[in-house]
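Single chain ahead, written as structure tokens, the form predicted on its own.
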Amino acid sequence: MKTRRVVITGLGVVAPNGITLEEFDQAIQNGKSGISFIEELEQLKFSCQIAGLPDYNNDYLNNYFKQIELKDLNASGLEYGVIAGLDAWRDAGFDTENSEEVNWDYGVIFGTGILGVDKFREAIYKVDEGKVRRLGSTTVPQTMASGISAFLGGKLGCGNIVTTNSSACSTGTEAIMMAYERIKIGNAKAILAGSTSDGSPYVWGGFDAMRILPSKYNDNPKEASRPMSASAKGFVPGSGAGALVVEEYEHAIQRGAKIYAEIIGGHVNSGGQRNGGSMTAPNRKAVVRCIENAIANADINAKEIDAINGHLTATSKDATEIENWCKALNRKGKDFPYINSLKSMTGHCLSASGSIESVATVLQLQKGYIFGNLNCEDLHPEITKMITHDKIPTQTITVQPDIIAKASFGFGDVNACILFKKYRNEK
């Protein structure tokens, strides 16, 4: 079977520290945190009263939704996903205007963990009050998981695969891999891939109850997210969306598209919740296997990886993740690649994390930098035993990475690793 090269031709992002691609790029280069105190969380008596929330006013939605679509809209994840998705599609040079034509070669794979939880809560109250007929016609598409892919597919007139995947924190990275695999074997020409996550206390409440969110930083939120730090106290919840246009190389060349980077391989697996793996913890052998298989799939040597954009959530598992990378790459100390965690600036955007972090990965390749890690000057001692300090930059450094690995590890013992390569014009 003939396989196709696969490239990235469009990017879109709605993140706590930037809602346009340019704004996001500048934020991660400058180490700008998007984590802030959330008054609603204080009112609801959360222990952790900080979060990463994208910042825009309602008028901004007029650039993406028709007035009839905005009526009764109460689903932040749908908003984030549509903004990021349409921005990516436009960035790739595709038309987002309504057309009567269906494009059978274009599709959407856009994941989420839960969609429209605030809309669902609103609907529950109306049902309990006996006001079922006042739910309105938008309740179902705003609360069904596939509402985001269906909405985007309809906006863009996509006739190829239009679906939503859901694999907890691995969702976004998995969606990109799904798009890559479909295009590689010739079943599509271009797919809008990404993921989104609602920004709501009704999403974050369960994590606060588990006491895995930091509660000591309510007065200084920008210092709260501390991946790889000895003083890390848990992950800061976040929300947003990331979107990438994944496209067949020849198709992109034929239409004169701008190419950001190439996807050269990856892998998705599960640890089966065995051998130390559980609903909340990864099977370490599965993580190592996922990384090793991604490298094999890309047909490269582990020594060729210049940097890692890790999962690294600011929990006790950060040191374990570094150890897994060391085993999978057979690299340590000064030989280890650069490694960073976007979560130091955005918090953990849950199902949106993999796609937002993949956008950051592609920007690093295209523009030639490795963004710095915030709040990790006091590196965890177990980490410093494995790799040297200079491999964990605290400020953005100018380098020219050729290959960057992006990995995500999610609840349910599910893993995804993808390898992006810098694109060089071959003319």
Partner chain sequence: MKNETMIEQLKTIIKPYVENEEQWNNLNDETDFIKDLDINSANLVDIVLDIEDAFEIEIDNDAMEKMLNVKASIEVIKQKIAEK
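Please read these numbers as outputs of a predicted model, since none were measured by experiment. Residue numbers count along the first chain shown, from 1.
Keep in mind the form predicted in complex with the partner chain is missing from the figure; the text below concerns it.
- Comparing 150-158, 306-314, 164-172, 211-219 against the partner chain in the predicted bound form, the single stretch with non-hydrogen atoms within 4.5 angstroms of it is 211-219.
- Though the partner is left out of this view, residue 278 does reach within 4.5 Å of the partner chain in the predicted bound form, counting heavy atoms only.
- Among heavy atoms of residue 30, none comes within 4.5 Å of the partner chain in the predicted bound form.
- In the predicted bound form, at least one heavy atom of residue 47 sits within 4.5 Å of the partner chain.
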